[in-house]
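A single chain comes next, written as structure tokens; it is the form predicted alone.
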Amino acid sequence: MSAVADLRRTVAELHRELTRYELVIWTAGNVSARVPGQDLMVIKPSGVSYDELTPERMVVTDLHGNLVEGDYAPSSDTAAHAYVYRHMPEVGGVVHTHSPYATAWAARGEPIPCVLTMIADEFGGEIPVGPFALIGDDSIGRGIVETLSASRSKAVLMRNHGPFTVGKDARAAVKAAVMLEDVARTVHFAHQLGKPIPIEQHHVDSLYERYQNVYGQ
């Protein structure tokens, strides 16, 4: 299956972006990708060092988290990723990190307000908070889907846990994770200085429309 082999390489490479942008430590965090046209996904193995993440070590599961291909146990967040893919067919990639500033907002249970044009561009409004949920079953996945279904955001701050981001593919989900941490840090700084100024909704809508449909090549 060439599609699976290609995604194994892509997902392995994208994990390097998480360390490059300092979004993860040790073995925490993960990237997954949906296999187009198949009820399968590729995800990071559990507890393996980022330095050791090769394409061959990536794990293939079905969309219920059952191992299909690979020599390692899949990530402990596999059930959450699988639930997202089952219930959000437009999503092709999911990323989870414990990036410090975004996770600090999650620890407070506070959404990141839309006070920067970058937030309007990428997330279409405030970055919402999802419910507290324990790791192990699809409770986290349910919280992600319920929260993002009511928002244009590509990111959710799962309370007392950390951020999950989604995208049309795994690269887009990684981009959202990088941008999330950047705006989480900047808005934190703004709060230290005073009260950030919200962007009016009609401007948010205009910025989001332009960035999603006009910006870029």
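The model shown is predicted, which means the values in this text are computed figures rather than measured ones. So that there is no doubt, residue numbering starts at 1 and follows the sequence shown.
Absent from the display: the form predicted in complex with another copy of the chain. The rest refers to it.
- Among the residues Asn66, Ser49, Thr54, Ser149, the one placing a heavy atom within 4.5 Å of another copy of the chain in the predicted complex is Ser49.
- In the predicted complex, another copy of the chain sits within 4.5 Å of a heavy atom belonging to His203.
- When contacts are judged by a 4.5 Å heavy atom cut-off, Val174 counts as touching another copy of the chain in the predicted complex.
- Contact between Lys154 and another copy of the chain in the predicted complex is not found at the 4.5 Å heavy atom cutoff.
- Within 4.5 Å of any heavy atom of another copy of the chain in the predicted complex lies no heavy atom of Ala12.
- Residues of 174-210 lying near another copy of the chain in the predicted complex, listed in sequence order, are Val174, Lys175, Val178, Met179, Asp182, Arg185, Thr186, His188, Phe189, Ala190, His191, Gln192, Leu193, Gly194, Lys195, Pro196, Ile197, Pro198, Ile199, His203, Ser206, Leu207, Arg210, the criterion being any heavy atom within 4.5 Å.
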